[in-house]
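Listed next as structure tokens is one chain, alone, in the form predicted on its own.
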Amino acid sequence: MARMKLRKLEEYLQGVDGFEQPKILLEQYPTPPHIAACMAHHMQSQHEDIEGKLVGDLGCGCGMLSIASTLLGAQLTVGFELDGDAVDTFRGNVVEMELPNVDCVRADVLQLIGSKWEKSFDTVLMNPPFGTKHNAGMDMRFLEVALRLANTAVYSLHKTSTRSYIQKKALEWGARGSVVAELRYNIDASYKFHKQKSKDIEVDFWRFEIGQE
């Protein structure tokens, strides 16, 4: 597959359908097309971690990051998602965009440790729940699973306020983390409890190298 330009990738991702009725307990916020495109493009252009690789997407939702990696030439992308409605939307997106080599497995990400998926992927990417409201610490539990499933690298988004803690935990888990970029993650008012129209959260885009003490 020819190398796709960032702008073209973002254009394609604008067509990905999102959550019809987002579920608050699962922290279902879609990854904006611009952020998804920038993440995937960086993974490939700077580290060659997508093209020809086996890629896993944890908590894949409706498939934004999975589809981005597929468009950039992943050999196979497998998304893991607990919510059946999101899985259906994911599969609908894949069919509509006529994409090969991408699938979604309905599974609880936290149950993947010790499964056949351990060390199955070259690269794991994710936009995990940030661990707010009812899901305290959820992003770290996702990260621990991701580091068990990947052989080379994990890419993830985490709140900037947790940076030093994440650095420390990654080392404990046998990976070396570095912040690739600082983002302002705009969350549109998806749920009733939001007072503001939309909210910006300061987020770090991380790359974790596996087996780098």
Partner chain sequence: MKLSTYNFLTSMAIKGVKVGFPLKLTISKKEVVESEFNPTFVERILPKLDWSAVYGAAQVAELTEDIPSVQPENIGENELLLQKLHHLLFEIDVLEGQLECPETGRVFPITDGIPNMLLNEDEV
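Numbering follows the first chain given and starts at 1. Note that the structure is predicted; figures quoted are calculated from it, not measured.
FYI, the form predicted in complex with its partner chain isn't displayed, but the following is about it.
Residue 54 is the only one of 54, 157, 38, 180 with a heavy atom lying within 4.5 Å of its partner chain in the predicted complex. Contact between residue 143 and its partner chain in the predicted complex is not found at the 4.5 Å heavy atom cutoff. In the predicted complex, at least one heavy atom of residue 117 sits within 4.5 Å of its partner chain. At a distance threshold of 4.5 angstroms between non-hydrogen atoms, residue 100 is in contact with its partner chain in the predicted complex.
Although the partner is absent here, residue 107 is a contact residue: one of its heavy atoms lies within 4.5 angstroms of its partner chain in the predicted complex.
With respect to its partner chain in the predicted complex, the three residues 78, 91 and 122 uniformly fall within 4.5 angstroms at the level of their nearest heavy atom.
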